[in-house]
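The chain below stands alone and is given as C-alpha coordinates, in the form predicted on its own.
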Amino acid sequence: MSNEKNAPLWQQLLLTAQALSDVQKGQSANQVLEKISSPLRPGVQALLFHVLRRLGLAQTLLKKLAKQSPQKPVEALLCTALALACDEKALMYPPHTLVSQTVDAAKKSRLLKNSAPFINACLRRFLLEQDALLKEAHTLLLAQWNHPEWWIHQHQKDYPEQWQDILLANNSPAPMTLRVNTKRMTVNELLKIWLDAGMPSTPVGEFGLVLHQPLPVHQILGFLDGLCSVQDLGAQRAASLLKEQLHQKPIKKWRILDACAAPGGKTAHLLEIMDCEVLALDIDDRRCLKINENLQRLGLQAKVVTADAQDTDVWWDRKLFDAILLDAPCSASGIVRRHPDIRWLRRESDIAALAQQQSRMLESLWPLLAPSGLLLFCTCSVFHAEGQDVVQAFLTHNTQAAILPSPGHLIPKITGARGEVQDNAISDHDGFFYALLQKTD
(Lines give C-alpha, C1' and ligand atoms only; values in the text may rest on other atoms or scores of the structure.)
Protein backbone atom coordinates (compact mmCIF):
# COMPACT_ATOMS: atom_id res chain seq x y z
CA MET A 1 0.00 0.00 0.00
CA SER A 2 1.04 3.58 -0.60
CA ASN A 3 2.62 5.55 2.22
CA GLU A 4 1.62 8.92 0.82
CA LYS A 5 -0.21 11.32 3.12
CA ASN A 6 -3.02 11.82 0.60
CA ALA A 7 -4.04 8.18 0.57
CA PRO A 8 -7.30 7.34 -1.23
CA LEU A 9 -10.31 7.04 1.04
CA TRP A 10 -10.80 3.35 0.29
CA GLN A 11 -7.31 2.65 1.63
CA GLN A 12 -7.93 4.61 4.82
CA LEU A 13 -11.25 2.81 5.31
CA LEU A 14 -9.58 -0.57 4.88
CA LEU A 15 -6.86 0.28 7.37
CA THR A 16 -9.42 1.62 9.83
CA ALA A 17 -11.50 -1.55 9.55
CA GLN A 18 -8.41 -3.68 10.15
CA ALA A 19 -7.56 -1.55 13.20
CA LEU A 20 -11.12 -1.88 14.51
CA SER A 21 -10.95 -5.64 14.09
CA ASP A 22 -7.72 -5.76 16.11
CA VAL A 23 -9.26 -3.65 18.89
CA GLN A 24 -12.22 -6.03 19.00
CA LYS A 25 -9.73 -8.86 19.47
CA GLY A 26 -8.38 -7.14 22.57
CA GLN A 27 -5.53 -4.92 21.36
CA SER A 28 -5.42 -1.28 22.45
CA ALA A 29 -5.83 1.43 19.84
CA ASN A 30 -2.29 2.63 20.60
CA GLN A 31 -0.88 -0.83 19.82
CA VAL A 32 -2.89 -1.08 16.64
CA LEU A 33 -1.98 2.38 15.35
CA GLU A 34 1.73 1.77 15.90
CA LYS A 35 1.56 -0.85 13.13
CA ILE A 36 0.45 1.75 10.58
CA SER A 37 3.06 3.76 8.69
CA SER A 38 3.65 7.24 10.09
CA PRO A 39 2.27 9.24 7.12
CA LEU A 40 -1.04 7.35 7.23
CA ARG A 41 -1.39 7.09 11.01
CA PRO A 42 -3.02 10.48 11.82
CA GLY A 43 -5.78 10.00 9.26
CA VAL A 44 -6.49 6.43 10.32
CA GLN A 45 -6.47 7.44 13.99
CA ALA A 46 -9.04 10.16 13.33
CA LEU A 47 -11.29 7.69 11.51
CA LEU A 48 -10.81 4.94 14.11
CA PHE A 49 -11.63 7.23 17.03
CA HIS A 50 -14.73 8.50 15.21
CA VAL A 51 -15.84 4.91 14.64
CA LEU A 52 -15.17 3.81 18.23
CA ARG A 53 -17.31 6.69 19.53
CA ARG A 54 -20.25 5.43 17.43
CA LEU A 55 -19.60 1.70 17.45
CA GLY A 56 -22.64 0.74 19.50
CA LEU A 57 -24.97 2.40 17.01
CA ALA A 58 -23.10 0.89 14.05
CA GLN A 59 -23.34 -2.62 15.54
CA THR A 60 -27.06 -2.19 16.18
CA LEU A 61 -27.69 -0.96 12.64
CA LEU A 62 -25.74 -3.85 11.16
CA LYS A 63 -27.92 -6.37 13.00
CA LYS A 64 -30.97 -4.76 11.41
CA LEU A 65 -29.41 -4.72 7.93
CA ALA A 66 -28.03 -8.27 7.87
CA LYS A 67 -30.15 -11.32 8.64
CA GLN A 68 -27.06 -13.30 9.66
CA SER A 69 -23.87 -12.06 11.30
CA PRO A 70 -21.22 -11.57 8.61
CA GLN A 71 -17.65 -12.77 9.00
CA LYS A 72 -15.52 -10.62 11.29
CA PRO A 73 -13.54 -8.76 8.58
CA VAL A 74 -16.78 -7.93 6.75
CA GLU A 75 -18.43 -6.83 9.99
CA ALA A 76 -15.48 -4.54 10.78
CA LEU A 77 -15.63 -2.79 7.40
CA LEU A 78 -19.42 -2.41 7.54
CA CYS A 79 -19.29 -1.05 11.10
CA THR A 80 -16.61 1.41 10.00
CA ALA A 81 -18.78 2.69 7.17
CA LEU A 82 -21.98 2.78 9.22
CA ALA A 83 -20.30 4.65 12.08
CA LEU A 84 -19.07 7.25 9.60
CA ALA A 85 -22.50 7.54 7.93
CA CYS A 86 -24.90 7.43 10.89
CA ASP A 87 -24.31 10.85 12.42
CA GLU A 88 -25.60 13.58 10.10
CA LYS A 89 -24.18 16.29 12.38
CA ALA A 90 -20.65 14.93 12.07
CA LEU A 91 -20.40 13.58 8.52
CA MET A 92 -16.80 13.41 7.36
CA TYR A 93 -17.68 12.42 3.75
CA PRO A 94 -20.73 12.60 1.46
CA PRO A 95 -22.77 9.42 2.06
CA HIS A 96 -22.67 8.14 -1.53
CA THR A 97 -18.91 8.74 -1.71
CA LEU A 98 -18.50 6.79 1.51
CA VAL A 99 -20.53 3.87 0.15
CA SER A 100 -18.64 3.68 -3.14
CA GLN A 101 -15.25 3.94 -1.43
CA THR A 102 -16.19 1.25 1.10
CA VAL A 103 -17.18 -1.07 -1.73
CA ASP A 104 -13.88 -0.26 -3.49
CA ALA A 105 -12.05 -1.13 -0.25
CA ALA A 106 -13.75 -4.54 -0.21
CA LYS A 107 -12.95 -5.19 -3.87
CA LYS A 108 -9.26 -4.41 -3.32
CA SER A 109 -8.97 -6.73 -0.30
CA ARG A 110 -8.25 -10.40 -0.77
CA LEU A 111 -10.33 -11.24 2.31
CA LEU A 112 -13.28 -9.03 1.41
CA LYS A 113 -13.62 -8.96 -2.37
CA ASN A 114 -16.22 -11.73 -2.51
CA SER A 115 -18.34 -9.81 0.00
CA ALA A 116 -18.36 -6.54 -1.97
CA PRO A 117 -21.93 -7.05 -3.34
CA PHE A 118 -23.24 -7.80 0.17
CA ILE A 119 -21.49 -4.74 1.60
CA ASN A 120 -22.87 -2.58 -1.20
CA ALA A 121 -26.43 -3.85 -0.60
CA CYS A 122 -26.28 -3.23 3.16
CA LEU A 123 -24.97 0.29 2.85
CA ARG A 124 -27.35 1.32 0.08
CA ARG A 125 -30.27 -0.02 2.08
CA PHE A 126 -29.07 2.06 5.03
CA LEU A 127 -29.10 5.22 2.89
CA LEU A 128 -32.64 4.45 1.67
CA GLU A 129 -34.10 3.57 5.09
CA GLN A 130 -31.84 5.69 7.28
CA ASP A 131 -34.49 7.60 9.25
CA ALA A 132 -36.52 4.53 10.18
CA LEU A 133 -33.45 2.44 11.00
CA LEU A 134 -31.94 5.12 13.23
CA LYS A 135 -35.24 5.72 15.04
CA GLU A 136 -35.59 2.02 15.79
CA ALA A 137 -31.94 1.61 16.77
CA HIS A 138 -32.01 4.51 19.23
CA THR A 139 -34.53 2.69 21.40
CA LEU A 140 -31.63 0.51 22.60
CA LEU A 141 -29.13 1.73 25.21
CA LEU A 142 -26.10 0.41 23.29
CA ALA A 143 -27.02 2.40 20.19
CA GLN A 144 -28.14 5.51 22.01
CA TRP A 145 -25.04 5.91 24.22
CA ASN A 146 -22.31 3.91 22.42
CA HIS A 147 -21.06 2.21 25.57
CA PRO A 148 -21.46 -1.42 26.69
CA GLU A 149 -24.72 -1.89 28.58
CA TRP A 150 -22.97 -2.92 31.82
CA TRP A 151 -20.98 0.33 31.71
CA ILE A 152 -24.17 2.38 31.23
CA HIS A 153 -25.93 0.58 34.09
CA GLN A 154 -22.97 1.20 36.41
CA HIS A 155 -23.06 4.93 35.66
CA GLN A 156 -26.82 4.97 36.24
CA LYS A 157 -26.19 3.44 39.67
CA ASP A 158 -23.23 5.67 40.61
CA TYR A 159 -24.59 8.92 39.13
CA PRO A 160 -28.39 8.75 38.90
CA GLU A 161 -28.65 12.44 37.96
CA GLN A 162 -25.43 12.80 35.92
CA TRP A 163 -24.93 9.57 34.00
CA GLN A 164 -26.24 10.94 30.70
CA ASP A 165 -23.91 13.94 30.80
CA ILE A 166 -20.91 11.71 31.54
CA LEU A 167 -21.66 9.42 28.59
CA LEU A 168 -22.20 12.40 26.29
CA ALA A 169 -18.87 13.85 27.38
CA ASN A 170 -17.19 10.50 26.68
CA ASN A 171 -18.36 10.66 23.07
CA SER A 172 -16.69 13.99 22.32
CA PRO A 173 -12.93 14.60 21.92
CA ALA A 174 -11.06 16.04 24.90
CA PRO A 175 -9.22 19.39 24.80
CA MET A 176 -5.43 19.53 24.48
CA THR A 177 -4.25 20.83 27.84
CA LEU A 178 -0.64 21.51 28.72
CA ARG A 179 1.06 22.16 32.06
CA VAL A 180 3.53 25.04 32.13
CA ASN A 181 6.88 24.32 33.78
CA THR A 182 6.74 27.20 36.24
CA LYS A 183 10.35 26.59 37.23
CA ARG A 184 11.17 28.11 33.85
CA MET A 185 8.42 30.68 33.14
CA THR A 186 4.94 31.79 34.12
CA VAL A 187 1.70 30.70 32.50
CA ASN A 188 1.11 34.21 31.13
CA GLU A 189 4.59 34.39 29.63
CA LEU A 190 4.10 31.16 27.67
CA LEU A 191 0.59 32.19 26.70
CA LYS A 192 2.00 35.37 25.11
CA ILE A 193 4.78 33.48 23.31
CA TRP A 194 2.20 31.14 21.82
CA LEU A 195 -0.18 33.95 20.91
CA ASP A 196 2.60 35.84 19.09
CA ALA A 197 3.36 32.64 17.16
CA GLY A 198 -0.27 32.15 16.11
CA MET A 199 -1.02 29.48 18.73
CA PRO A 200 -3.87 30.97 20.84
CA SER A 201 -4.63 29.30 24.16
CA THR A 202 -6.71 29.79 27.30
CA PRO A 203 -5.41 29.54 30.87
CA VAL A 204 -7.01 26.84 33.05
CA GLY A 205 -6.32 26.12 36.68
CA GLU A 206 -3.06 27.30 38.23
CA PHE A 207 -0.59 25.81 35.74
CA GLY A 208 -2.55 24.93 32.59
CA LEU A 209 -3.05 26.23 29.07
CA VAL A 210 -5.59 24.78 26.64
CA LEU A 211 -4.65 25.10 22.98
CA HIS A 212 -7.51 26.32 20.82
CA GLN A 213 -6.20 24.06 18.06
CA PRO A 214 -4.49 20.77 19.07
CA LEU A 215 -1.04 20.20 17.57
CA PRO A 216 1.56 17.42 17.49
CA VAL A 217 3.83 18.00 20.48
CA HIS A 218 6.93 18.65 18.37
CA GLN A 219 5.11 21.63 16.82
CA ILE A 220 4.29 23.23 20.19
CA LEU A 221 6.71 26.05 20.96
CA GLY A 222 8.70 25.28 24.09
CA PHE A 223 7.74 21.63 24.41
CA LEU A 224 11.05 20.17 23.29
CA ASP A 225 12.84 22.80 25.41
CA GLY A 226 11.03 21.70 28.56
CA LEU A 227 8.75 24.71 28.97
CA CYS A 228 5.57 22.63 29.07
CA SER A 229 4.14 19.12 29.16
CA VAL A 230 0.89 17.61 27.94
CA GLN A 231 -1.23 16.92 31.03
CA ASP A 232 -4.97 17.07 31.55
CA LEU A 233 -6.27 19.62 34.05
CA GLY A 234 -7.66 16.84 36.23
CA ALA A 235 -4.25 15.17 36.45
CA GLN A 236 -2.64 18.49 37.40
CA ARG A 237 -4.57 18.47 40.68
CA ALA A 238 -2.32 15.78 42.20
CA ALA A 239 0.83 17.85 42.79
CA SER A 240 -1.19 20.87 43.89
CA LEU A 241 -3.11 18.88 46.52
CA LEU A 242 0.11 17.58 48.07
CA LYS A 243 1.79 20.97 47.95
CA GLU A 244 -1.12 22.69 49.71
CA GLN A 245 -0.89 20.32 52.67
CA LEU A 246 2.86 19.72 52.82
CA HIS A 247 3.66 23.42 52.89
CA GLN A 248 1.88 23.60 56.24
CA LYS A 249 4.60 21.36 57.72
CA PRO A 250 8.02 22.72 58.81
CA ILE A 251 10.15 20.46 56.60
CA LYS A 252 12.95 21.82 54.43
CA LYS A 253 12.81 19.17 51.73
CA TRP A 254 10.00 16.67 51.39
CA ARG A 255 10.66 13.02 50.65
CA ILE A 256 7.94 11.78 48.27
CA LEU A 257 7.15 8.42 46.70
CA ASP A 258 5.37 8.35 43.34
CA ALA A 259 4.33 4.70 43.42
CA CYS A 260 3.01 4.20 39.85
CA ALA A 261 4.87 7.01 38.16
CA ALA A 262 5.00 6.36 34.42
CA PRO A 263 5.06 8.29 32.17
CA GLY A 264 6.27 10.78 34.76
CA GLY A 265 3.84 13.68 34.49
CA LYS A 266 2.97 13.86 38.18
CA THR A 267 6.59 13.24 39.25
CA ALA A 268 7.72 16.15 37.08
CA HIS A 269 4.96 18.43 38.36
CA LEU A 270 5.95 17.76 41.98
CA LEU A 271 9.54 18.72 41.16
CA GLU A 272 8.43 21.83 39.27
CA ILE A 273 6.43 23.34 42.12
CA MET A 274 8.08 21.99 45.30
CA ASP A 275 11.47 21.59 46.93
CA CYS A 276 11.40 17.81 47.25
CA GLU A 277 13.15 14.58 46.42
CA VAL A 278 11.05 12.04 44.59
CA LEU A 279 11.40 8.28 44.23
CA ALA A 280 9.50 7.31 41.07
CA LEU A 281 8.53 3.65 40.74
CA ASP A 282 7.07 1.73 37.86
CA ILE A 283 6.86 -1.98 37.23
CA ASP A 284 7.87 -1.74 33.55
CA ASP A 285 11.42 -0.99 32.32
CA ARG A 286 10.21 0.70 29.14
CA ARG A 287 7.83 2.91 31.07
CA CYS A 288 10.64 3.89 33.44
CA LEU A 289 12.67 4.91 30.40
CA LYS A 290 9.79 7.24 29.47
CA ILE A 291 9.91 8.79 32.96
CA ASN A 292 13.62 9.50 32.55
CA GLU A 293 13.11 10.96 29.07
CA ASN A 294 10.45 13.35 30.33
CA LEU A 295 12.54 14.43 33.32
CA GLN A 296 15.54 15.03 31.08
CA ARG A 297 13.47 17.14 28.68
CA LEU A 298 12.24 19.26 31.59
CA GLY A 299 15.64 19.58 33.25
CA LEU A 300 14.51 17.76 36.43
CA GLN A 301 15.95 14.95 38.53
CA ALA A 302 14.35 12.09 40.44
CA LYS A 303 15.40 8.59 41.43
CA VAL A 304 13.65 6.25 39.00
CA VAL A 305 13.38 2.56 39.94
CA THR A 306 11.80 -0.37 38.13
CA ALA A 307 9.88 -2.31 40.77
CA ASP A 308 6.48 -3.57 41.86
CA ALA A 309 5.27 -0.96 44.36
CA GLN A 310 3.68 -3.69 46.49
CA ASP A 311 6.96 -5.61 46.82
CA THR A 312 8.38 -3.17 49.35
CA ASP A 313 11.07 -5.55 50.62
CA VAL A 314 12.81 -5.29 47.25
CA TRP A 315 13.06 -1.51 46.80
CA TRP A 316 12.33 0.31 50.08
CA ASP A 317 15.33 1.64 52.06
CA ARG A 318 13.37 1.71 55.36
CA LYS A 319 13.25 5.51 55.44
CA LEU A 320 9.69 6.78 55.87
CA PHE A 321 8.13 9.11 53.31
CA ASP A 322 6.56 12.48 54.05
CA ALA A 323 4.10 11.86 51.23
CA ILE A 324 3.07 9.05 48.91
CA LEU A 325 1.30 9.54 45.60
CA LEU A 326 -0.54 6.37 44.62
CA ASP A 327 -1.98 6.77 41.12
CA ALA A 328 -3.30 3.23 41.15
CA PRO A 329 -4.01 0.96 38.16
CA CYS A 330 -7.67 1.24 37.17
CA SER A 331 -10.18 0.80 34.36
CA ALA A 332 -9.28 4.26 32.93
CA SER A 333 -13.01 4.94 32.61
CA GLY A 334 -12.30 8.64 33.18
CA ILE A 335 -10.16 9.07 30.07
CA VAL A 336 -12.50 7.55 27.50
CA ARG A 337 -12.63 10.82 25.58
CA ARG A 338 -8.92 10.46 24.83
CA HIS A 339 -8.97 6.68 24.46
CA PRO A 340 -12.37 5.67 23.04
CA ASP A 341 -11.26 2.04 22.73
CA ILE A 342 -11.23 1.59 26.52
CA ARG A 343 -15.01 1.17 26.80
CA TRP A 344 -14.91 -1.74 24.34
CA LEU A 345 -11.80 -3.38 25.84
CA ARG A 346 -12.93 -3.45 29.47
CA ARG A 347 -15.07 -6.24 30.90
CA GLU A 348 -17.47 -5.85 33.79
CA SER A 349 -15.44 -8.31 35.87
CA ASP A 350 -12.33 -6.11 35.51
CA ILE A 351 -13.68 -3.49 37.90
CA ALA A 352 -13.82 -5.66 41.02
CA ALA A 353 -10.39 -7.14 40.26
CA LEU A 354 -8.86 -3.68 39.84
CA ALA A 355 -10.50 -2.41 43.03
CA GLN A 356 -8.97 -5.33 44.94
CA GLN A 357 -5.55 -4.49 43.51
CA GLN A 358 -5.99 -0.85 44.57
CA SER A 359 -6.87 -1.94 48.11
CA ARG A 360 -3.80 -4.19 48.30
CA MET A 361 -1.55 -1.35 47.16
CA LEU A 362 -3.01 0.99 49.78
CA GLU A 363 -2.37 -1.58 52.50
CA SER A 364 1.19 -2.25 51.27
CA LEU A 365 2.27 1.39 51.05
CA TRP A 366 0.58 2.82 54.14
CA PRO A 367 3.29 1.50 56.58
CA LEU A 368 5.93 3.44 54.58
CA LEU A 369 4.37 6.76 55.55
CA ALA A 370 5.79 8.90 58.38
CA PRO A 371 3.52 10.00 61.26
CA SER A 372 1.35 12.91 60.04
CA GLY A 373 2.42 11.99 56.51
CA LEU A 374 0.10 12.24 53.51
CA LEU A 375 -1.04 9.60 51.03
CA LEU A 376 -2.83 10.86 47.94
CA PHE A 377 -4.84 8.02 46.42
CA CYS A 378 -6.03 8.65 42.88
CA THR A 379 -7.35 6.84 39.84
CA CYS A 380 -8.40 8.02 36.38
CA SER A 381 -11.75 6.31 36.89
CA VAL A 382 -15.27 7.59 37.47
CA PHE A 383 -16.56 4.26 38.79
CA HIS A 384 -17.28 4.54 42.52
CA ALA A 385 -15.93 1.02 42.97
CA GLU A 386 -12.48 2.31 41.99
CA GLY A 387 -12.59 5.46 44.08
CA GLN A 388 -14.75 6.31 47.04
CA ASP A 389 -15.63 2.68 47.80
CA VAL A 390 -11.95 1.67 48.05
CA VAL A 391 -11.12 4.63 50.30
CA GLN A 392 -14.13 4.21 52.56
CA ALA A 393 -13.30 0.52 53.05
CA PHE A 394 -9.69 1.44 53.88
CA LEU A 395 -10.79 4.06 56.42
CA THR A 396 -13.19 1.60 58.04
CA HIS A 397 -10.38 -0.87 58.75
CA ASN A 398 -7.55 1.58 59.51
CA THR A 399 -7.82 3.68 62.66
CA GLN A 400 -4.57 5.51 61.88
CA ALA A 401 -5.97 7.06 58.71
CA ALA A 402 -8.02 10.24 58.41
CA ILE A 403 -9.35 11.84 55.25
CA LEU A 404 -8.58 15.50 54.58
CA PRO A 405 -10.70 17.75 52.31
CA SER A 406 -10.53 15.98 48.95
CA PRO A 407 -11.94 16.49 45.44
CA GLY A 408 -13.40 12.98 45.27
CA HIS A 409 -14.68 12.01 41.85
CA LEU A 410 -13.98 14.63 39.19
CA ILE A 411 -16.59 14.23 36.49
CA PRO A 412 -16.07 15.60 32.97
CA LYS A 413 -18.18 18.74 32.47
CA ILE A 414 -20.30 18.03 35.55
CA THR A 415 -20.49 20.05 38.76
CA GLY A 416 -21.78 18.52 41.98
CA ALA A 417 -20.98 17.54 45.55
CA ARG A 418 -21.95 14.48 47.50
CA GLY A 419 -20.88 13.00 50.80
CA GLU A 420 -17.64 13.22 52.75
CA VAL A 421 -15.57 12.78 49.59
CA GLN A 422 -16.92 15.43 47.27
CA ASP A 423 -17.57 15.29 43.55
CA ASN A 424 -16.41 18.61 42.16
CA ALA A 425 -15.77 19.48 38.54
CA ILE A 426 -14.57 23.01 37.86
CA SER A 427 -13.76 22.83 34.17
CA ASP A 428 -13.46 20.62 31.11
CA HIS A 429 -11.18 17.83 32.29
CA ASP A 430 -10.92 14.06 32.37
CA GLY A 431 -12.60 11.92 35.00
CA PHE A 432 -10.47 11.36 38.11
CA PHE A 433 -10.75 10.40 41.74
CA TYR A 434 -8.70 11.97 44.55
CA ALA A 435 -8.66 11.19 48.26
CA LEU A 436 -6.01 12.78 50.50
CA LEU A 437 -5.32 10.64 53.58
CA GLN A 438 -3.24 11.56 56.61
CA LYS A 439 -1.56 9.19 59.04
CA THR A 440 -2.60 10.13 62.55
CA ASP A 441 -0.06 9.97 65.39
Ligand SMILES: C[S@@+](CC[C@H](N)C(=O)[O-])C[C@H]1O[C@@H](n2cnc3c(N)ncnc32)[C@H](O)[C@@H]1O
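Computed from a predicted structure; not experimentally measured. Start at 1 and count along the sequence shown; that's the residue number.
Omitted from view is the form predicted in complex with the named molecule, to which the following refers.
- The candidate site formed by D225, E272 and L298 is entirely out of contact with the named molecule in the predicted bound form, as no residue has a non-hydrogen atom within 4.5 angstroms of it.
- Of the candidates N120, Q357, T182, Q144, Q357 is the one whose heavy atoms come within 4.5 Å of the named molecule in the predicted bound form; the others do not.
- Here is the short version: of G234, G208, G265, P340, the single residue with a heavy atom within 4.5 Å of the named molecule in the predicted bound form is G265.
- The named molecule is not shown here, and in the predicted bound form it never comes within 4.5 Å of any heavy atom of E277.
- Though the partner is left out of this view, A261 does reach within 4.5 Å of the named molecule in the predicted bound form, counting heavy atoms only.
- Proximity of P329 to the named molecule in the predicted bound form: non-hydrogen atoms within 4.5 Å are present.
- At a distance threshold of 4.5 angstroms between non-hydrogen atoms, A90 is out of contact with the named molecule in the predicted bound form.
- Per the 4.5 Å heavy atom criterion, the named molecule in the predicted bound form is contacted by stretch 282-290, the sole one of 214-222, 282-290, 163-171, 78-86.
- Residues in 384-412 all lack a heavy atom within 4.5 Å of the named molecule in the predicted bound form.
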